[in-house]
Each structure stands twice: as structure tokens, then as C-alpha cells.
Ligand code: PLP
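Only one chain is given next, in C-alpha cells, and it is the form predicted alone.
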């Protein structure tokens, strides 16, 4: 029985991803940048995988770059701003720390940094429109919130930016951290109209330490440190080909199973929501949030409640695992959504994957009945 409910933090590596990793490590051991036979063989496999993933997510292979993870992808985009004349950068107030941590750095270098309100976990296109200025150069809004699962209307937000561009004539780069979106909610990257997006392998049963960066117009992007010029000059360093191969298996599996898994996960989500409500626990995640995430207010401080769940063999989270080392980070995001302090401090997040089944949902429901 799988009692792991912290899949928004990380997922188990799937058997097929592990097999792809091992096979690629053995068969394609050459450096893709080398000009000998083994290097050329590895390079061909790298580009085959790039085309395979790009095809299944509906983009050009020339727009896809492999990184060490979403944080690396985000850093590549935000650090590139240091080459530019300072202007305005707008991000939502509920961004992951991988995005938010760039604000003080850019502010130090003269950038005007503005945070968008996100009442209830969502950004208003009208609010965004009110903050756009002629010197705005980048807007960043995550696709799916990692704490509550709230799904942003990215298409409406990019539409607002594009309308403003027509008036001002200046191109504004729209970036969306899409870690919790790929394979989990309807997500057509091209129709959304975004310029850049970040993805992470270990959120979808791929390995840790591998991610992707989407750039709609790669030629307009100048990385801070191109190093050896790998990834077509956009991200230096020898490509982690075995992990990239494992990532391919993970992406293809999640996309292929999307239509089949959505109804099943939604049913489990509804079942647990009903149980939480019967226990008198307030649910913080919107009804139309990603079915893979539920945040609720526990009767105890979140760290205590999570430990009590752990004692019953259930893994959950008191917020964003990536932020738990930064005191109050998950709480800060909830406060930015308009959730009061006591509720934010008692918030617990559970999150699903393809491994989550009916039996584990029942075990969770039984556990919350026993914790007071």
C-alpha cells in the first residue's frame, strides 16, 4: 500500500525511467560534445530525445533545453536580465522561492521589482494590466501553485501583456514556472502564449537533477554563463544523457496517461475532500485546483500534524518542501493569498501521483479521524 502523499515535493522514480537511465548509461557513455564515434552516437541520442519530448508537448525541438531542474531553468532566465538595462519586472506574490529569490538580486542591480496580488491564489488580468509600464521587461506567473494547486488563467494573463505590447511597442517576456502543470492539468504550451517555462523531472516520476527550459524565441535569449556552449549555447555543461533519457520516459508516460488518470485522481481528490469536510477541516485549495494537490487547515500546527501523520505511516507536507528550510515560506505564500495567520500556520498539503490508489486514500481518511 502506498501511503506517500508528498508527490508535489518529489515522486518515486518509475521503473521504466530507471531502466532507461541504466540502458543509456551503458549504451551511450560518450560525451555528446565529443567528435569521435561514441560522442556522435550520444549526440544523436540526445537530439532524438529532445525531438521526442518536444513533439509530445507540442513545441519545436529547437525551443527545448535540458537543465539540472526547474530552479536551474529559472535561474537561466532571471540571471540573463543582468545583461539588460534595468526596467520593471512583475511576478506574482505566490511564486516559488526559485523565482521570488531573484527579486532582491535584481533590485540590487537597479531593477524595479513589483509583486502582483493573488487573492485566493489567483492573479487578476486587470491587476496585471494596472502594473504594466513602458519599461516592463518581464512578467512571471506560475501555471499551478505548488501549495494549493490553484490553476492560473495564463492565457488571459499573456493576452493582457500582448495587448499592452501593441500600445507600447516593447516586447515583454512572459515566464511561467510550470513544474506542477505538465501532465497534471490541461496544458497546451503554445496556445498559452508564454515566452518561457520551467519543468522538473522528479515531479513526474523522473530522476532528480534533471529539468527542462522552454524558450519560444531562443535567439533572443542570452545566458549569463554559456560555459562550453552545450544545449545550443543556452546552458553550458556536459548533458546528463542518462537522466535525460529517464525524463523522456517520465514525460511520455504522464502525457499518454493523462486522459485515463484525470478522472481517477479527481475521484480520489473528491473522496478525500469530503472526508476532510466531514471532520470539520477547512480546505484551502479551490474546487477547480489541480486534482493532484489538496491543502487544508489542520487542528494543530502543521509541523505537529505532519509528524502525527508520519507516525501512522503517511507522508504529507506542511507546505512547499523546497521552502521548508526557509522559515515561514509556505506560510508567507498562503498569507499572500489572503489566508489568515492561524490558518496559514496550520496548513497541511497532501499531493497525489499515478501511484496513489483507493487503498491509500482510505488509509489517509482513517488517519485523520484519529488525529485531534
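As the structure is a prediction and not an experimental result, all values here were calculated from the model. Residue numbers count along the first chain shown, from 1.
A second form of this protein, the form predicted in complex with pyridoxal-5'-phosphate, is not displayed here; the remarks below concern that form.
Considering pyridoxal-5'-phosphate in the predicted complex, the lone stretch of 104 to 112, 165 to 173, 227 to 235, 142 to 150 in range is 142 to 150 [heavy atom distance within 4.5 Å]. In terms of contact with pyridoxal-5'-phosphate in the predicted complex, the residue from 182, 98, 157, 194 that brings a heavy atom within 4.5 Å is 98. A heavy atom within 4.5 Å of pyridoxal-5'-phosphate in the predicted complex is found for one listed residue only; from 42, 339, 70, 64, this is 70. In the predicted complex, pyridoxal-5'-phosphate lies farther than 4.5 Å from every heavy atom of residue 249. Taking non-hydrogen atoms only, residue 200 approaches pyridoxal-5'-phosphate to within 4.5 angstroms in the predicted complex.
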